[in-house]
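Below you'll find only one chain, the form predicted alone, shown as structure tokens.
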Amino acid sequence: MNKEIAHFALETAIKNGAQGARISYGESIEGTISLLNGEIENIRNATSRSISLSLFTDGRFASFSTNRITREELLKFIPECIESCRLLEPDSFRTLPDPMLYYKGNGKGLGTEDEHFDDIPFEKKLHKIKENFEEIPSDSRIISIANDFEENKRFDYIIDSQGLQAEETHTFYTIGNECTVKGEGDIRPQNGWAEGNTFFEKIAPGSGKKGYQRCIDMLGARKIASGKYNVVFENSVAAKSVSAIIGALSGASIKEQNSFLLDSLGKRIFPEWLNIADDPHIPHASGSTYFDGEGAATKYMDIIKDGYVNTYFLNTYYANKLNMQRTVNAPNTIIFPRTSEIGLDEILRRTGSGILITGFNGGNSNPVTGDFSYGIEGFYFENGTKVYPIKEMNITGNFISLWAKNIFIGNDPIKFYKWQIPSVAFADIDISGL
């Protein structure tokens, strides 16, 4: 990790007239092994380095980035950046954070790095992905099977002119597959599954078989009559029920009045049983981090507490613009602290009948009103049991009224997802089809 080049960039920025600067240095190692029908199709390895500069010059602000980070290149690049910054209009709201907010640790303790990342033989990775392929049974309906192994190691180092020094290393691996099978006529259902982990040796088996089964289960999918149905969002897609809320609480959305949660801070907008939080310090979680993009320390934070909106996501700029306290620029590991303490099977059983959504296909939401319309696929279920697959249907509604109709919050988040959102169920939701 070349920390020295980050310090050189900071020194160069200050010497050339920047009154303040933040330097974000990153190194990334990525590798991919792809199989098609069990044979190696692609092997890719890439290493990249980059520097991002946030410059505060004569009351003005600008950001720049480059992957040409030798000392010679930076000696030419940084003065040009500062001169470009001076051409902009002054903006008194652009400042570095209060140094009291900075993370002051050593980046250790979260268990986000596999120390054996650089030592794993290629043959071992290839064996792992071939095992994934071999989990899939022989089936004459299969047209193709694509399997992928991906690995990533990233080192991040942030320093600034106020004394900030923050660093972290993250590793992550995924193994997954996508099957295509022959259906009736020209129909070719596709589906798959992936498993991931911070540590190579802890990647769960079974994604090959699961991906195949998810594809086969979609054979014979149909439309059903429009109406109001109980709806369950499977944990693999449940983030759709939360993402618009997070977006509506961002500083940019609030400042631009482009949010259906405008002026909602401290108000009960959602049902009293709803609690959503950001827990960025879960050991080994892919979203865990000690600091945000400005180097400010992260902490556990209630987003929705007993139905009340508890926070906006404000970096330094939007906190200054809105004359509010800085929080974080974005959530990291979203969790549901309070659940119904049941998994998907029990949710389906207690819900009785309705639609289990396992995929979304297009659609959109209105950030000002919270209204949404999405294409869906999944299963119609009765008495808690999946009866047949459905496709080419649409779910419509409003995110605030959707959560008012929430009946179950599961205990089954997918642990390797950055946002750990469990299966969630809602009553009497508008579905359109036939």
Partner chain sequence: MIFDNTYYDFFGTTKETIERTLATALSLGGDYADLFFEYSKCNEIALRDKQVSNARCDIDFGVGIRVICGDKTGYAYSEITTPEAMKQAALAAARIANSHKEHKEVNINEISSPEINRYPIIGTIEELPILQKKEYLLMLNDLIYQKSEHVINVMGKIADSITKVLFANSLGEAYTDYRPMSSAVAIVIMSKGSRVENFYASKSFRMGAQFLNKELIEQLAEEAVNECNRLFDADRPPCGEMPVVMGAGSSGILLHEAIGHTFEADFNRKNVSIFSDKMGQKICSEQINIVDDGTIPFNRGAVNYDDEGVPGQKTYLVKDGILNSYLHDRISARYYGVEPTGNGRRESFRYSPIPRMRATYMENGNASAQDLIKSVSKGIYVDNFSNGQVQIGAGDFTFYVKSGYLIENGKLTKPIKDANIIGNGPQALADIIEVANDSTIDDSTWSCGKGQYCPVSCGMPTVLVKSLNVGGINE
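Numbering follows the first chain given and starts at 1. In this text, all values refer to a predicted model and were calculated from it rather than measured experimentally.
The same protein has a further form, the form predicted in complex with its partner chain, not shown here; the description that follows concerns it.
Enquirer: Identify which of 214, 255, 153, 281 has a heavy atom within 4.5 Å of its partner chain in the predicted complex; exactly one of them does.
Expert: The residue from 214, 255, 153, 281 that makes the contact is 255.
Enquirer: Only one of 162, 353, 95, 364 comes within 4.5 Å of its partner chain in the predicted complex by heavy atoms, so just point that one out.
Expert: Only one listed residue qualifies here, and that residue is 364.
Enquirer: Given the stretches 140 to 148, 343 to 351, 263 to 271, 303 to 311, which is the single one in contact with its partner chain in the predicted complex, using a heavy atom cutoff of 4.5 Å?
Expert: Stretch 140 to 148 is the one.
Enquirer: Examine residue 72 and determine whether its closest non-hydrogen atom to its partner chain in the predicted complex is within 4.5 angstroms.
Expert: Although its partner chain is absent here, residue 72 would stay clear of it in the predicted complex, with no heavy atoms inside 4.5 Å.
Enquirer: Looking at the partner-bound form in the predicted complex, is residue 68 within 4.5 Å of its partner chain by any heavy atom?
Expert: Contact check for residue 68: yes, within 4.5 Å of its partner chain in the predicted complex.
Enquirer: When the contact criterion is heavy atoms within 4.5 Å, does residue 6 count as touching its partner chain in the predicted complex?
Expert: No, residue 6 is distant from the partner.
Enquirer: Is there a non-hydrogen atom of residue 105 within 4.5 angstroms of a non-hydrogen atom of its partner chain in the predicted complex?
Expert: Residue 105 lies outside the contact set for its partner chain.
Enquirer: Each of 15, 199 and 241 within 4.5 Å of its partner chain in the predicted complex, by any heavy atom, yes or no?
Expert: So, no: the whole triplet misses its partner chain.
Enquirer: Can you name the residues of 90 to 111 that have a heavy atom within 4.5 Å of its partner chain in the predicted complex?
Expert: The stretch 90 to 111, when checked against its partner chain in the predicted complex, contributes 90, 91, 94 at the 4.5 Å heavy-atom cut-off.
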